[in-house]
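Single chain ahead, by itself, as structure tokens, in the form predicted on its own.
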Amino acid sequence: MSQTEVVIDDKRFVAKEGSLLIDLLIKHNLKVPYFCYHEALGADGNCRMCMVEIEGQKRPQIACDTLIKEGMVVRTKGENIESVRRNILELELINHPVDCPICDQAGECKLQDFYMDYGLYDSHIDQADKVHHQKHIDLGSNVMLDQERCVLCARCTRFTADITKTHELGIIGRGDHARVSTMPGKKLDNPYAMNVVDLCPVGALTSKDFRFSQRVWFLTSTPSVCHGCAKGCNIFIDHNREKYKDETIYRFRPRENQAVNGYFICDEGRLSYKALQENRQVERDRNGAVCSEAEALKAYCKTLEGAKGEIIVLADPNLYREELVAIEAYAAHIGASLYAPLEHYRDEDFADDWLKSSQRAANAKAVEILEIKTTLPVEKAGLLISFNHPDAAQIKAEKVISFQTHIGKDAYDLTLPLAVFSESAGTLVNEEGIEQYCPRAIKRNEPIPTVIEWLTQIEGGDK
């Protein structure tokens, strides 16, 4: 496509001739309302909200189905076009229930936003005259449907038809009685089903997992990367610290990255936030007894000094690259052999041809780049130091020191708590070699040390 110049609201923009006008508006943050359009789903043209004025056209046109042409002059603002949008919005609201105070979408609802931008009128329809549909329908796959709130944008039905190609959802009925539903005898059942919750611009589709747990305006969103596999899907970690409580993660949401995951994430990755907060190792344990940090450090140094035979260090391939580099340097300093076994994380049943990799270790590529051994050591060790590797119990060793994020079934000579990825910061390298930095999202009231913080204390204690 050749480049051409268009004028929008008296400003000049360069775009590809024949591309969609709405994409140009979105790219340059030129505000235009829309429900049915989504970059991943393409134009549908059913909501009619994205009306704009184009010189030479008798009537307003929808931006999601208008192709850019040479010399096009567009107006997105003005009394006339805003009146058109206001009338269309009123049609959308005719049968919409007035339950915003109890709706989980409140605070991130496009219908609310557009009403504040273009509505602000008194309803012409009495509440008793509204057409009522079913509420609280369990569609399956952690998704709840409220048919009354639906604006029939068809994003969810197009997702199951065009993206997952599983065809569970469709629009049935006609006129005021049209509604989203599953096909007869079917449930919403695919590994990416919960993406319809993100796609829904109103409160019609909500997450059973998140419903009524938090109001979104209380949440802080931190950009991060899912650690569920080596794909490295981009996410937002939504978290909040309530008064007198520890900071808590309430959900993961997909974050757009066209080079990695586009707009979506798998359901298993989305729900993996729960494991970060359950069954955590928070105490320092020496031979089955809780000890202080000073006692733990003293025991660590004494165990290291008294080690007889080979020292083996295991590093979890989910750790950040900076942590792996620090462990590598530490292993060299104490004359230990370093391994980051990967076989444990191989899962062919999990993999698909989209966003799920058979390699479940998030930083396996960084391990490969750093040339760390990826096999499981077979020789007996005098001392094993494990940094959260799940195969630690499989290695024969006289003494074992385990840094771990979660409580395990195996007891060791010394067990030290370790921060999970959301409580640390660092770089992941996905299976395609793309480097992605993750800032620290969670700050606990009583922080658990990261790998680097533990190594800093240990090396300080050696001096």
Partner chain sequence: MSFVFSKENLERIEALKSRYPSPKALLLPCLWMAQYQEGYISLDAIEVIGEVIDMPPMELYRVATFYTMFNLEPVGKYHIQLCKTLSCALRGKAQILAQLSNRLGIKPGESSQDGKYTLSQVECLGSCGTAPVMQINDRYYENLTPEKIDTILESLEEES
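Treat the numbers as computed from the prediction; the structure is a model and nothing was measured. Positions refer to the first chain, counted from 1.
Note that the form predicted together with its partner chain isn't included here; everything after this is about it.
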item: Its partner chain contact at A161 in the predicted complex, heavy atom, 4.5 Å; value: yes
item: Non-hydrogen atom contact L205 with its partner chain in the predicted complex at 4.5 angstroms; value: no
item: 4.5 Å heavy atom contact, H167 to its partner chain in the predicted complex; value: yes
item: Proximity of T182 to its partner chain in the predicted complex, heavy atoms at 4.5 Å; value: yes
item: Contact assignment for its partner chain in the predicted complex, among I171, A106, A332, C301, heavy atom within 4.5 Å; value: I171
item: Contact residue in the predicted complex, from K77, K186, H136, K380 (heavy atom within 4.5 Å of its partner chain); value: K186
item: One stretch from 263 to 271, 386 to 394, 172 to 180, 316 to 324 that, in the predicted complex, holds residues within 4.5 Å of its partner chain by heavy atom; value: 172 to 180
